[in-house]
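Form predicted alone, single chain, as structure tokens, below.
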Amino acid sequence: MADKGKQVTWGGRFKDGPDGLMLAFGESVSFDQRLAPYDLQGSLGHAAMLLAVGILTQEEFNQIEKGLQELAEEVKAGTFMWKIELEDVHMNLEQALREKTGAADKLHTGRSRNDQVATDVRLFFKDACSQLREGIEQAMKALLALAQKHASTPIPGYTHLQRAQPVTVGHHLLAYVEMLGRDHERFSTVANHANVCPLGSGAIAGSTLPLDRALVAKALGFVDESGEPRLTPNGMDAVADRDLFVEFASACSLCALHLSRLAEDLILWNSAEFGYLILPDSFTTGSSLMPQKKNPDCFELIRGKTGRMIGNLTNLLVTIKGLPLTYNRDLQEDKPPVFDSFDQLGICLAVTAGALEGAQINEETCRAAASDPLLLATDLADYLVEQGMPFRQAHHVVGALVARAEELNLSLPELSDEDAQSVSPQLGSDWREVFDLSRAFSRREKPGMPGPQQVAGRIKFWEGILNS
């Protein structure tokens, strides 16, 4: 029987138990307990394999299975008592199972905490990627609904935060739908990379016991499209690799970056200076001093949380960069960053969808802003190109026309034909036709442009994807 105070899972080598300070410093159960459902799932798959290869009897397996099911119910109900002295989620659950059945002493046969946690987190990543893809889809649907409603509402497009060329609200919002679509693909890639079973790798070199890694992989769902098991090919890589953590945190950071850029656009649009957008009361807050304020805190927080997620990625990269093979205790610190990024991105996506569903576009203000003739200065240059003028010369001519209009305190189309033709005789009597917004959009019906048919086609494409 183990001496009092010793660590019951690995204490046989030691004369004394760990110091209380070391227990507090070294524990991970305070955060890795969220892996409990995956740990129990992995243990059941491992037990099924031990039964198949003759290490467990049917009766022993039945006892273990019953005990694991009871533990799963306790964890789900929040009644399981976590113990810091047992360090982590794995040892807490194993010791709790031992209290239910003596057969639990056989469960860790051919298994290390190294390949055990590697399996747990791969199951977690598959689940987390699925949940985040659902969150991305909801945000995309909210963007798409607003884009469809205002597919033809003109608005200035910006470069350098200066008015550039006219686009539509639909075209602008579809840009973010495209970004989130790529994020959705990235999480699918991360899930695919996670779908490889490391169980059976042991600490680094497997086991001399007759383990059936393929059986475990199938039991836990680590299979390809044909149902064939997918196994890690190198045990040292299986327990030391943290690529998945970095890929997941990177995908979270990039998705958050997209949400942050969307947030910045919407914050600007919501300001009195722009006035393009009205956010719902339910996703804004007031001021403790100024009673008139309605602050876009939901999107400001998304900007802030993006920095937090980028920090999580940096945390992982710095932790991993100098580690030798294989497992090192530093890697205990790999979980808080990915758990936090998962939690924060999930709520950012939900808030984005909720706020957009209640947002209103101020069409009148958008149209007024898009009516600025200077937005179509490039169209006038294109007009001259169609008359045979080289683009660089046309660019110079239009720049001179803009300068002349500013000199006379006129809008560009208000210049007289005499003034215009004094700059360029190639300007015909029809040169002002380029300042018609309908003409501008109708001439932009090529892929990627904001022409009405192009915008409608892209909305239909994404509706087909999201509703399938």
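Computed from a prediction, not measured in an experiment: that's the story for all the values here. In this text, residue numbers run from 1 along the sequence as written.
From this point on, the text means the form predicted together with a small molecule, which you will not see here.
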Inset, instruction - Would you mind picking the one in F274, Y327, F80, F283 that has a heavy atom within 4.5 Å of the small molecule in the model of the complex? - result: Y327
Legend entry - Selected contact from N362, Q148, S250, Q332, since only one has a non-hydrogen atom within 4.5 angstroms of the small molecule in the model of the complex: Q332
Inset, instruction - Indicate whether S28 is a 4.5 Å heavy atom neighbour of the small molecule in the model of the complex. - result: yes
Legend entry - Contact flag, H90 vs the small molecule in the model of the complex, heavy atom cut 4.5 Å: yes
Legend entry - the small molecule contact at D32 in the model of the complex, heavy atom, 4.5 Å: yes
Inset, instruction - Give a yes or no for T378: in the model of the complex, does one of its heavy atoms lie within 4.5 Å of a heavy atom belonging to the small molecule? - result: no
Legend entry - Location of the small molecule contact in the model of the complex, chosen stretch of 109-117, 222-230, 292-300, 310-318 [non-hydrogen atom, 4.5 Å]: 109-117
